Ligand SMILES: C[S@@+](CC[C@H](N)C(=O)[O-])C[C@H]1O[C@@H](n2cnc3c(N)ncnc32)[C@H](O)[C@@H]1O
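Single chain ahead, by itself, as structure tokens, in the form predicted alone.
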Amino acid sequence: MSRRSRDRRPSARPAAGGEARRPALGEMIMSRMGIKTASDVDFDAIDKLLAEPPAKANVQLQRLKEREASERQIVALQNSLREKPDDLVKLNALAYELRKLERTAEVVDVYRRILALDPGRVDLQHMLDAATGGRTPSRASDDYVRAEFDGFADKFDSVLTNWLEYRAPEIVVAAVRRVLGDEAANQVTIDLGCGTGLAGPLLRPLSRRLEGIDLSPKMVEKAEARGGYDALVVSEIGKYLATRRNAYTLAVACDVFCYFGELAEVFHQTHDALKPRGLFAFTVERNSGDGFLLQSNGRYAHADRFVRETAAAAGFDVADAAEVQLRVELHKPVMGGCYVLRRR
């Protein structure tokens, strides 16, 4: 943790006349977090917590508790693996907890141990490439994306909306409405990488027909349960779009291109699936350098110039673009770009 200090113990004034003492605020926070001694407190995090509005403070408090729980789990798993170092179940659990806390050097070691025992794990090979900065594929493999989201489907909505303050669907739909104005209705819409359908309720009022596509069967099951789509398809985006030439007036991709590095092919495929003057709205995570970057968390980030040049080469004009905060991870904002392109 970032700052620990024994001289910042919660103050306790003696109770007068045997009267029950009211716990100090610091003691109440420590109690709710399961912290027993002041030496275990991350005071920087608590200072930030106390500055937040009450509703947001509850979320921040839960994040702190989850971080403490992850750290305890890591210690327990490390101790257990000393006795049985080839236990794949525990190695995978350790990699998961280390990854959540962005302990990159340690998780790389665990990835390598797992791959030595189970070399067919394409998902871990992708994460190892990302964490070490070695190989940079042009996009994440279908197997990696499918495994990542099939395993995440049950927790996806809760994690993104409650803990990551995920806002990509709202950002994208607001941008589409800015561009379309009074014409923001009656669209034939495709939700690319629809996931559990979080964007569906926002896209439905704009759309006389709404389709969704995702590579993960379990994500599509969640979208079907949510409802609102006229059709849902389990497929890779490019393969599906290749069969849908001039089919749509609006295509959206909320937080999808973090799994694509090179964008040229998917931009051309989307262009051809749109009707003339159709709109293509999407988000990317921001790379402050040039081109695209595979980050240590396995997600791609893109430079603004790279996005604009790729869009122009694919036959699009930029109708709207903005720098936005997409979500929060480990108390830090994740910045990106939201673009609305118009097919020429």
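All residue numbers are counted from 1 along the displayed sequence. Everything quoted here is computed from the prediction, not taken from an experiment.
What comes next is about the form predicted together with the ligand, which does not appear here.
> Thinking of 166, 219 and 260 as the candidate spot, does the ligand come within 4.5 Å of a heavy atom on all of them in the model of the complex?
Affirmative, all three are within 4.5 Å.
> I'd like to check something about residue 91: if you look in the model of the complex, is any of its heavy atoms closer than or equal to 4.5 Å to a heavy atom of the ligand?
The answer is no: residue 91 has no heavy atom within 4.5 Å of the ligand.
> Verify the contact flag for residue 236: yes if a non-hydrogen atom of it lies within 4.5 Å of a non-hydrogen atom of the ligand in the model of the complex, no if not.
Yes - in the model of the complex, heavy atoms of residue 236 and the ligand come within 4.5 Å of each other.
> Answer with yes or no whether residue 194 is in contact with the ligand in the model of the complex, where contact means some heavy atom within 4.5 Å.
Result yes; residue 194 sits at the interface with the ligand in the model of the complex.
> Looking in the model of the complex, any heavy atom of residue 175 within 4.5 Å of the ligand?
No - in the model of the complex, heavy atoms of residue 175 and the ligand never come within 4.5 Å of each other.
> Which single stretch, out of 211 to 219, 71 to 79, 269 to 277, 178 to 186, brings residue heavy atoms within 4.5 Å of the ligand in the model of the complex?
Checking each option against the 4.5 Å cut-off leaves 211 to 219.
> Only one of 114, 131, 202, 145 has a non-hydrogen atom within 4.5 angstroms of the ligand in the model of the complex; which is it?
None of the other options qualify; the answer is 145.
> Name the residue from 124, 250, 254, 110 that puts a heavy atom within 4.5 Å of the ligand in the model of the complex.
In short, 254.
> Check each residue of 197 to 211 against the ligand in the model of the complex and list those with a heavy atom within 4.5 Å, in sequence order.
Residue within 4.5 Å: 198 only.
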